[in-house]
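A single chain comes next, written as structure tokens; it is the form predicted alone.
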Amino acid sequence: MIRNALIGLMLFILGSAFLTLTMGFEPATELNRTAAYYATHAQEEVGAQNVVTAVLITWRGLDTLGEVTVLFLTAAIVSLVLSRSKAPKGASGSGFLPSGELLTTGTKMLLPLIALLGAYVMANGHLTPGGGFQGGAILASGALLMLLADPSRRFGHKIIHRVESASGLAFVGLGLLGMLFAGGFLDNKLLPLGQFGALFSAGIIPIVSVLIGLKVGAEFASILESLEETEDA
């Protein structure tokens, strides 16, 4: 009885809070000072059509570094916590039933398209909606599809870790070069801006986007691999 009363009280408090926020909400009719600066100076300063990518990689590069670091720590913690639950050597895939023909054939057909889409989203993040995080998640979905089609498959941990480490070091290295030879961390003036709207434009943004995509994809693949190995136990 007391438990139900406490739950009802919490629901009432939350409902009242959300009702107050909803009743007092007024949509903004114009951009604030920071957003207006981003919108009006994106082409001139960073040369990117996609203002969101320009903000995340250039003006808020340290925030992006923090987000990537959090994802890395998540992958490391998952691997550490689940390491004791992995199956012993020689037992890999022993408890799995073979996948259906439809899933196996569909994986062979879709996997190249998924990889191509992931590469396109990463490389064109400065021109169209997308970028490194989205492209990396798409690449990781291909890894998930491979695991579903063949549960006994095992990815090379060394390859995943090398890709993750190399892309992370290159990302930080570009940021430090920006501090040494330009105006700050991940400053876009390290490379020429090029022609606005072209594939090879927007300075270092396409390079950083690809590096973020590889790092995110490798970290998601590492998490999936850890979870898959735990299922064997």
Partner chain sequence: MVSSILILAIGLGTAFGLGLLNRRRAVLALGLTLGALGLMAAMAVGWLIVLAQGAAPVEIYTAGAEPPFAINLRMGLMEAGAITLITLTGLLAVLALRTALTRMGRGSMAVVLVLIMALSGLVMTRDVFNLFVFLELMAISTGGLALLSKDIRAIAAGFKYLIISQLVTILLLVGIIFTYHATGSLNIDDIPETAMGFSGLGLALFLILIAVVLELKPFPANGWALDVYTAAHPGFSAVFSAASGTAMLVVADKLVKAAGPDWFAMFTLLGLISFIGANIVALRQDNDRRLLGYSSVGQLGLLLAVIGQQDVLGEGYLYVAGGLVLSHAVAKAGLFWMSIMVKARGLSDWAAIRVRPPLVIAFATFLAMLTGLPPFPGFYAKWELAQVLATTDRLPILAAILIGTLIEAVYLFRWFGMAMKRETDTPLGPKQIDCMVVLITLAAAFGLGALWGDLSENGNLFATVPMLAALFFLALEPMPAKLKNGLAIMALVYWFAAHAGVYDPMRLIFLLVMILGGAVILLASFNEDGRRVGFYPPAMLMYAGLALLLEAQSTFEFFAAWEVMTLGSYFLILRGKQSEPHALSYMIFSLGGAFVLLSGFALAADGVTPFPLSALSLVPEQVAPWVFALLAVGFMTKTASVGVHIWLPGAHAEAETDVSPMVSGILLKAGLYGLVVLLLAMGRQSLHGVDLVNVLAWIGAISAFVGAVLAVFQEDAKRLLAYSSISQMGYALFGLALMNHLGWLLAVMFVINHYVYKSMLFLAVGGVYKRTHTKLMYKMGGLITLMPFTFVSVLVGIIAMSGVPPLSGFGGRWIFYNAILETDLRLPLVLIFMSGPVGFLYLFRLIHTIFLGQLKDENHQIKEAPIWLLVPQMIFVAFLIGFAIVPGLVLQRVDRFLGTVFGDQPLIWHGRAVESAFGNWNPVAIMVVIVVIFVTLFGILIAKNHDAVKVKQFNIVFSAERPYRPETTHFAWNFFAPYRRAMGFMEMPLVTRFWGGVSEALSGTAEFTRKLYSGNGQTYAVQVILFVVTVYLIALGGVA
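Positions refer to the first chain, counted from 1. This structure is a prediction, so every number in the text was calculated from the model and none was measured.
FYI, the form predicted together with its partner chain isn't displayed, but the following is about it.
**Student:** Counting only non-hydrogen atoms and a 4.5 angstroms cut-off, does Leu113 reach its partner chain in the predicted bound form?
**Tutor:** No, no contact at 4.5 Å.
**Student:** For Lys108, is any heavy atom within 4.5 Å of its partner chain in the predicted bound form, or not?
**Tutor:** No - in the predicted bound form, heavy atoms of Lys108 and its partner chain never come within 4.5 Å of each other.
**Student:** Do Leu186 and its partner chain share at least one heavy atom pair within 4.5 Å in the predicted bound form?
**Tutor:** The answer is yes: Leu186 has a heavy atom within 4.5 Å of its partner chain.
**Student:** Does Leu191 make contact with its partner chain in the predicted bound form, using a 4.5 Å heavy atom cut-off?
**Tutor:** It does not: once its partner chain is placed as it appears in the predicted bound form, Leu191 has no heavy atom within 4.5 Å of it.
**Student:** For the heavy atom contacts within 4.5 Å of its partner chain in the predicted bound form, list the residues of 158-183 involved, in sequence order.
**Tutor:** If the 4.5 Å heavy-atom criterion is applied to its partner chain in the predicted bound form, 158-183 yields His161, Arg162, Ser165, Ala166, Gly168, Leu169, Val172, Leu176, Met179, Gly183.
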